[in-house]
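Before any questions on how it binds or moves, here is one chain, the form predicted on its own, in structure tokens.
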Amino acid sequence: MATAELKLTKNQRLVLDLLCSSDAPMSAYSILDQLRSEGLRAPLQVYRALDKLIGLGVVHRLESMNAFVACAHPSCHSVEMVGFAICETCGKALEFADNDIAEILSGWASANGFAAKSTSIEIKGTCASCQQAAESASGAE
């Protein structure tokens, strides 16, 4: 479902639009700070909007960062596993879904009698752009 087709409240639309335009994951308080001029005044307003957007599958929560990102793949909620490669240099979070990884994790869960509700993987490291920038900088010395 395209985000334009969603029936959202004003606050939900503001939060989603901000996350869609952001280059990096945002905390709820960062969202609040940027949307105060639009009438959001309390953290609860942001958290309610985020809860609804997560429920609709258009926003993801990055557990390790306690931050939020707009969904980059509208059909990701139809797969069992969503992952994020998080650059520790620039802060960007690249979303991915991989059915092979999902099958391996599901197999492990079944073999160990674990009933998985959801699976999210977060890989931290350095993205290709930041690696290239670092190589260029070290080559210039």
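Keep in mind it's a predicted model, so treat the numbers as computed, not measured. Residue numbers here begin at 1 and follow the sequence given.
The same protein also has a form predicted together with the DNA, omitted here; what follows describes it.
By the 4.5 Å heavy atom rule, the three marked residues I104, S118 and S120 all fail to count as contacting the DNA in the predicted bound form. A heavy atom within 4.5 Å of the DNA in the predicted bound form is found for one listed residue only; from A28, L35, A97, A70, this is A28. Although the partner is absent here, R61 sits close enough that one of its heavy atoms falls within 4.5 Å of the DNA in the predicted bound form. Shown alone here, C90 lies farther than 4.5 Å from the DNA in the predicted bound form, counting heavy atoms only.
Under a 4.5 angstroms non-hydrogen atom cutoff, the DNA in the predicted bound form lacks G55 among its neighbouring residues. Although the partner is absent here, T126 is not a contact residue: none of its heavy atoms lies within 4.5 angstroms of the DNA in the predicted bound form. Of all the residues from 10-42, those having a non-hydrogen atom no more than 4.5 Å from the DNA in the predicted bound form are K10, N11, Q12, S27, A28, Y29, R41, A42.
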